[in-house]
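Just one chain is shown here, as structure tokens, and it is the form predicted on its own.
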């Protein structure tokens, strides 16, 4: 994995839309951003802050309101369309209607910047298309009709098309939207491998903070009326930047767990004894239900119950309420007993 070669740089970039009557509608301004080879970058932010507009501006689909975008020191708005298509590949959220085309034919469109007016594929083009299908893990789908595929398979096809385009820069707007969790993992693994192994610079928008924290080399945080903050995920967490951009009245970003916590009704205090995997998940379950969890050393007189994990019989929990002791076989049964007994 190599990083460091600048592919795209923005200078004092302003994005938004030209106003019909009044002045421009500016979503973000003074953006000085860098995309490098070998990095997967996730763009995060609430709806309406300008994520999709930034993708469209960086790809040349709409002009900047101010400043400029450069690709390898060339100003994007001054590049010929053919030059842009060999530098940037784009996958947007809008559904693609390709009629009855096969997967192979859709991916082959990625070679159009190189095939000339007639669009005739050479032996080298066929090899690149086949390699792109393999890298996307969809070689077995090459003869399938695109419109009959699942959403996850369609996304892989569009990514394979971008790979076949052989551009140093890939821009993707919500490539994991509407996918199930395993498909999201596959897409992000595919993109990270493309960045690391093929030295691509990849920028994608997403609303999935947890997956972005696991896969992204860099994160760009965007918010309405807030500057864009960039950095390594762990640095942004330690600086509590996520809290600044995502915290709301009843939602908080937990800097310790890297997850969001939600306001729940306080149910009381319990003491939890034990260790190991079941202990960890018991803590999560109790906190989700609104209980404050203490260790025996930190307990108080207000304790409602004592729970022991990892007894000699590891499938059994011990629940003590007042002077009564219960043997419990599952967390679900434990909650039922607590609700009934407390």
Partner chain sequence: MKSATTIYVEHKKNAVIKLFGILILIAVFFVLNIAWGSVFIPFSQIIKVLSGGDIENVSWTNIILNTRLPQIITSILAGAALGLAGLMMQTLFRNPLAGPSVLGVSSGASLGVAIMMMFITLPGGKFIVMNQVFGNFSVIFSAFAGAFAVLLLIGVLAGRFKSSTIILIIGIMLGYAISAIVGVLQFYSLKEDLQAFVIWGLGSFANVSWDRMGFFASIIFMGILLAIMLAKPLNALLFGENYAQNLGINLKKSRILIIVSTGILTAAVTAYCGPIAFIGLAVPHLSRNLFKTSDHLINIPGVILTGALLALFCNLIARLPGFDGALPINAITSIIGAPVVIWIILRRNEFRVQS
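Here the structure is a predicted model, which is why all the values come from computation and not from measurement. Positions refer to the first chain, counted from 1.
FYI, the form predicted in complex with the partner chain isn't displayed, but the following is about it.
Asks: Do residue 113 and the partner chain come within 4.5 Å of each other in the predicted bound form, heavy atoms counted?
Replies: Within the cut-off, so yes.
Asks: Report yes if any heavy atom of residue 132 sits within 4.5 Å of a heavy atom of the partner chain in the predicted bound form; otherwise report no.
Replies: No, no contact at 4.5 Å.
Asks: Residue-level question: is residue 235 within 4.5 Å of the partner chain in the predicted bound form, judged on heavy atoms?
Replies: No, no contact at 4.5 Å.
Asks: At 4.5 Å between heavy atoms, is residue 77 in contact with the partner chain in the predicted bound form?
Replies: No - in the predicted bound form, heavy atoms of residue 77 and the partner chain never come within 4.5 Å of each other.
Asks: Can you work out whether the partner chain is within 4.5 angstroms of a heavy atom in all three of 26, 34 and 69 in the predicted bound form?
Replies: Per the other structure, none of 26, 34 and 69 touch the partner chain.
Asks: Pick from 188-196, 204-212, 267-275, 84-92: which stretch has a heavy atom within 4.5 Å of the partner chain in the predicted bound form?
Replies: Among the candidates, contact is made by 84-92.
Asks: Looking at 149, 229, 177, 98 here, can you tell me which has any non-hydrogen atom within 4.5 angstroms of the partner chain in the predicted bound form?
Replies: The option sitting close enough to the partner is 98.
Asks: Can you list, in sequence order, the residues from 41-60 that come within 4.5 Å of the partner chain in the predicted bound form, counting heavy atoms only?
Replies: The stretch 41-60, when checked against the partner chain in the predicted bound form, contributes 56, 60 at the 4.5 Å heavy-atom cut-off.
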